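Only one chain comes next, encoded as structure tokens, the form predicted alone.
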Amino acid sequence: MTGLKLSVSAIALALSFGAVNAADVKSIAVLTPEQGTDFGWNQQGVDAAKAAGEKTGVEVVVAEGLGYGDVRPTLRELAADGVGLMIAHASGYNTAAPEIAEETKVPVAIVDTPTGLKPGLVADYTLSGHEGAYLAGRLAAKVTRTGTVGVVVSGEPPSWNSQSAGFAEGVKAENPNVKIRYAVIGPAAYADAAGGKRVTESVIAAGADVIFGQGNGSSFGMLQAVETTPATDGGKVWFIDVIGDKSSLDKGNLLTSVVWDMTPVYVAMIEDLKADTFGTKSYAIGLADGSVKLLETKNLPADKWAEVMALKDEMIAGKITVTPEFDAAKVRAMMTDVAAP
């Protein structure tokens, strides 16, 4: 992030005024660890913040590529600049952001901390795409030739865990005989593209011909692996992505993606700020309002896609329910085997 200069006097001024009048929110900021061009978590967060700003008439400041270290200085700078909300769009920021919120009295939104709500000050948006992941699991079990699918993750944060569990539940509901290989690149290997490629290749070598990859930057390595490594039967390996749309990069292996649209979440946050209800509720995404959906690609078999869309309708109607599971140990127990660092 450039153009932000820390000023002790500016911070003091911000502190002297205390919290911004909720009804007078004029600008918000979104902070991301990687650039907002990753076709995934970071880009969807930035794009959603901009869209929410347009819908609500507030200015949006983007602070991207901040890394996974200490973001307190940046948070203080943004607070001093007068933003009315700071969206800390990374689980690694969920300690620093509440601290700076207490210090500056500027509200923050964090992830992966559902117990961290503080009225008027801290909101959590631990989102879960488990419904979409369930449908992806049903699809994976329908198209696998080898009878083995893989889940490759760049870490085990709650949002990844719930999708891994939803995917496994979908696979087993479709065909309980399909094996699920589960592999973790590292404890926080979100940007490790080389690790993503290496681990995905190992899962393919173990028999998987469909890979459900959750990785931010590391997903580019996963995609490279499926493009260059044949399945054990000599055929193509399919890739199921999450959060974003990598169709423009696809070389024929992208089956679908569990796409998230966080715009309704950020709009709700801004509206809650203006209504003085910020920090009193949790936020969710799901199939019913379209904030979670499966990406339709040119690679999808028409008959299998139609079957999965029928299942989606059943889920929206309440005929099929999927409960999110955020605990990593319970998620691992759902898999056929686990490879972790």
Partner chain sequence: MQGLLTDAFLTSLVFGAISAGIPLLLAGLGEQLSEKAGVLNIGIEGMMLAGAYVGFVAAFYSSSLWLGFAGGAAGGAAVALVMALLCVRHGLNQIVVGIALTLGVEGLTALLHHFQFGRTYPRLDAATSLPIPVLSELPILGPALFDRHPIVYGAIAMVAVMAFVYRRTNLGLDLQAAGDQPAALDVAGVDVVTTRTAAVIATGVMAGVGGAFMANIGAGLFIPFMTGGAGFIGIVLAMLARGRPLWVLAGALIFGACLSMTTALQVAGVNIPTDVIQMLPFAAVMAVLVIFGRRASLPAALGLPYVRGAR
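Because the structure is a prediction, the values reported are computed rather than measured. Positions refer to the first chain, counted from 1.
There is another form of this protein, the form predicted together with its partner chain, and it is not shown here; the text below is about that form.
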| query | finding |
| --- | --- |
| Selected contact from K197, K236, K142, R76, since only one has a non-hydrogen atom within 4.5 angstroms of its partner chain in the predicted bound form | K197 |
| Interface residue in the predicted bound form among P114, G82, P187, G147, criterion: non-hydrogen atom within 4.5 angstroms of its partner chain | P187 |
| Contact flag, P33 vs its partner chain in the predicted bound form, heavy atom cut 4.5 Å | yes |
| Distance check, L223 to its partner chain in the predicted bound form, heavy atom within 4.5 Å | yes |
| T37, heavy atom within 4.5 angstroms of its partner chain in the predicted bound form | yes |
| Contact label in the predicted bound form: N175 to its partner chain, heavy atom within 4.5 Å | no |
| Three-residue site G65, A183 and A329 fully in contact with its partner chain in the predicted bound form at 4.5 Å by heavy atom | yes |
| Option from 167 to 175, 96 to 104, 132 to 140, 199 to 207 whose residues, in the predicted bound form, bring a heavy atom within 4.5 Å of its partner chain | 199 to 207 |
| Residues of 226 to 257 having any heavy atom within 4.5 Å of its partner chain in the predicted bound form, listed in sequence order | E227, T228, L249, K251 |
